[in-house]
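In the form predicted on its own, a lone chain appears below as structure tokens.
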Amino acid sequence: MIHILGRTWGLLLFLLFLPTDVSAQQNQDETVCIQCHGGIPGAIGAPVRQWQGSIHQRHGVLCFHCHGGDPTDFGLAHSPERGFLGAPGDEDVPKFCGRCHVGVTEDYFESAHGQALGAGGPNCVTCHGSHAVQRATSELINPQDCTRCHEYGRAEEIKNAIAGTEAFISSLEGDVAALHRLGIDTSRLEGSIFSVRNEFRRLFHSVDVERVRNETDNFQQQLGVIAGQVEALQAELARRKVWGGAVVVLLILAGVLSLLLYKSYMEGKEG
């Protein structure tokens, strides 16, 4: 069933209680972390400037969500009693990030990257950055970054193995966004894509080319099911447009016919 957002009062109430980006930004600026570090030049203030515009900032992930402490009190912001953790050491980064990114962390520790942790191997921030974290895409796998540690060959194999599925995901996200702009409730579709995308990206954090190749078909099948649901909605919209167009044409014809009958009636009456 397609749910069309539309009723005036419902929309007004929705907008009334919806948190806006402006209010979210105001809440972020009110934290003592942003107020203090944001106004300091150099290395101490750099994390705030790097965080602004990051995927974390866009999703409302603030300093204290990662580093702990009290974001409302200058005196207790760095208090261990309020959960302040500070910055993790290199070997602690995966567990630090893994408090939110649980599945990816599990695959990381089983991978060649994770097994080399503490012996020069990469951790999460090596590839993703620590504060200027951007939306994860396959573009993070590239010669410039990967060759900082090793040759690009194996990384390129993984990128090629995931390219088709990543393109499929991006295409579906675009189609669902287009449906959402038309007022269709796409929350279930968005949730399905989110789930498949996250599970798929767990897969390539294993940095195992053969595993990626062997398990990609399963993700393609899951995305195919979602694509079928998207196509069904698109077909329903197309049918509605046809029927809507037919109704408009009939109304126009009825108006023209009524006008002709009226004119004929008036002419007969005058005659």
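Keep in mind it's a predicted model, so treat the numbers as computed, not measured. Start at 1 and count along the sequence shown; that's the residue number.
The same protein also exists as the form predicted in complex with a small molecule; that form is not shown, yet it is the one meant from here on.
**Student:** Though the small molecule is not shown, can you say which of 174, 191, 86, 118 has a heavy atom within 4.5 Å of it in the predicted bound form?
**Tutor:** Filtering the options by heavy-atom distance leaves 86.
**Student:** Tell me, yes or no, whether residue 154 is in contact with the small molecule in the predicted bound form, where a contact means a heavy atom of each within 4.5 Å.
**Tutor:** So residue 154 counts as contacting the small molecule.
**Student:** If we define contact as a non-hydrogen atom of the residue within 4.5 angstroms of the partner, is residue 62 a contact of the small molecule in the predicted bound form?
**Tutor:** Because a heavy atom of residue 62 falls inside 4.5 Å of the small molecule in the predicted bound form, the answer is yes.
**Student:** Looking at the partner-bound form in the predicted bound form, is residue 141 within 4.5 Å of the small molecule by any heavy atom?
**Tutor:** Flag for residue 141 set to yes.
**Student:** Could you tell me if residue 44 has a non-hydrogen atom within 4.5 Å of the small molecule in the predicted bound form?
**Tutor:** Yes, residue 44 is a contact residue.
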